[in-house]
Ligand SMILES: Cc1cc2nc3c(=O)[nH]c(=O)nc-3n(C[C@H](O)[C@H](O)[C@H](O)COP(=O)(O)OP(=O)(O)OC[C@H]3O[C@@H](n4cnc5c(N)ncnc54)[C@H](O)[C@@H]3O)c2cc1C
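Next up is one chain by itself, shown in structure tokens, the form predicted alone.
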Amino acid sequence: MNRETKILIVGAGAFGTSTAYYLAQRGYTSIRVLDRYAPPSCEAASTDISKVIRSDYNEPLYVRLGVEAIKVWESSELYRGLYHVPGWVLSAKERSVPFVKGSIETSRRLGVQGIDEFSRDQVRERFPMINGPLDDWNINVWNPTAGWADSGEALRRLALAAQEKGVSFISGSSGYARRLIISEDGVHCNGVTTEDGTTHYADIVVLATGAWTPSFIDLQGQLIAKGHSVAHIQLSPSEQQHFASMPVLDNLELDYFFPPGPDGVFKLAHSKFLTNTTRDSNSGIQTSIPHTFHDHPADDLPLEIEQAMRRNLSRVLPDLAARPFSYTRLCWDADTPDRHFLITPHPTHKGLFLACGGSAHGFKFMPILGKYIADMLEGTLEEDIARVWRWRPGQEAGTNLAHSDPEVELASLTGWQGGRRRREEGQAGGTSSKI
């Protein structure tokens, strides 16, 4: 590519925005980013109040990238004040125990300091605010170097920095990509057409469309859109102080919990992933497609999921288990079978590249990820990394994976359709909507 190459990035989440930033930093002068929503895109998985930042993995590549990314989180003026390091406790019930053990071994081998295994009693002794029984927290690993970042604000700042370097962000119906523009011979991708019929032509098209990618283009089963349930609880000032020194807590088969931020909001998320299999009306592809509360504002979390989240709260922080949720969300990402990213040229359409497959762990690398995607576009990505992130249909699920429980179809669960509307109506009428 030369510096005047017309580059079109579809998707303004962590992958797309980081790519735009690094390309602009390298001197490329024609970069457009399309997204249905202005940055930080409200449907990007990254647009959240908190995401885990860590480097303990059972895969050496992500340990290496995690360590590199943390240095940027710590030192860059761009992310000042957004990165917090209370440490975290990584746990598992059964299926994910091998992943946790592998993470310990790999992290220690690669020099991550302070990793220690705690019993349930040691966790409670170290962190007195954790006063639940911790049943099914069967392995607990303390990592003092891990923390969390204000991810939505980080994404907003990165998009602004990219704009200041000359990147153009296009949102609304003219930024909502609906189909690729493919040459008559089927060889070249020349751009995309958006919801309002606008055609955006480019020399290079990068699909950074996250959970929407498998319904946008045929990926031969390499990605599946999965949603996980997120809820917030508003704490009082005294409660905020009580939980302020709490670490991030993550049981890979139950729930995970974040200490409250400056606004006193406590976040929890369920580890069971949901799918929503349907047919895309535009592409005709049948696959899991995100069902979001932004598009469906009357909907809410399935009753079965909320019940499970409250049970899991009672295992850890029982005083919060019956508290009302002040906010709920289905947060969608796209998983690969082996949880490695899909960052690669398309095998048949020249000019088309993929930068997706975050697999519920991509955000932490945002400060550096665009550098590697830019390397891929320029043909200079390290061979070992390119092999891992390559186009790979038929790839079998890897071993020792996190979040290895089978996902559940949203349609098989109850109470989510119109759930928010019913709750609000119940509150307005003075009745209880507890389950």
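Since the model is a prediction, treat every value here as computed from it, not as a measurement. Note that residue numbering follows the sequence shown and begins at 1.
Form predicted together with this ligand: not shown, discussed below.
Note on the partner interface in the predicted complex: the residue among R124, H346, R156, H361 having a heavy atom within 4.5 angstroms of this ligand is H361. Residue-level contacts in the predicted complex: of Q222, S107, S96, T209, one residue has a heavy atom within 4.5 Å of this ligand, and it is T209. Although the partner is absent from this view, A177 contacts this ligand in the predicted complex, with a non-hydrogen atom inside 4.5 angstroms.
Contact check for D35: a non-hydrogen atom falls within 4.5 Å of this ligand in the predicted complex. Residue contact check for V52: one or more of its heavy atoms lie within 4.5 Å of this ligand in the predicted complex.
Shown alone here, H340 lies farther than 4.5 Å from this ligand in the predicted complex, counting heavy atoms only.
Screening 180 to 188, 320 to 328, 74 to 82, 228 to 236 for residues having heavy atoms within 4.5 Å of this ligand in the predicted complex returns a single hit, 228 to 236. Residues V10, G11, A12, G13, A14, F15, G16 are the members of 1 to 28 with a non-hydrogen atom no more than 4.5 angstroms from this ligand in the predicted complex.
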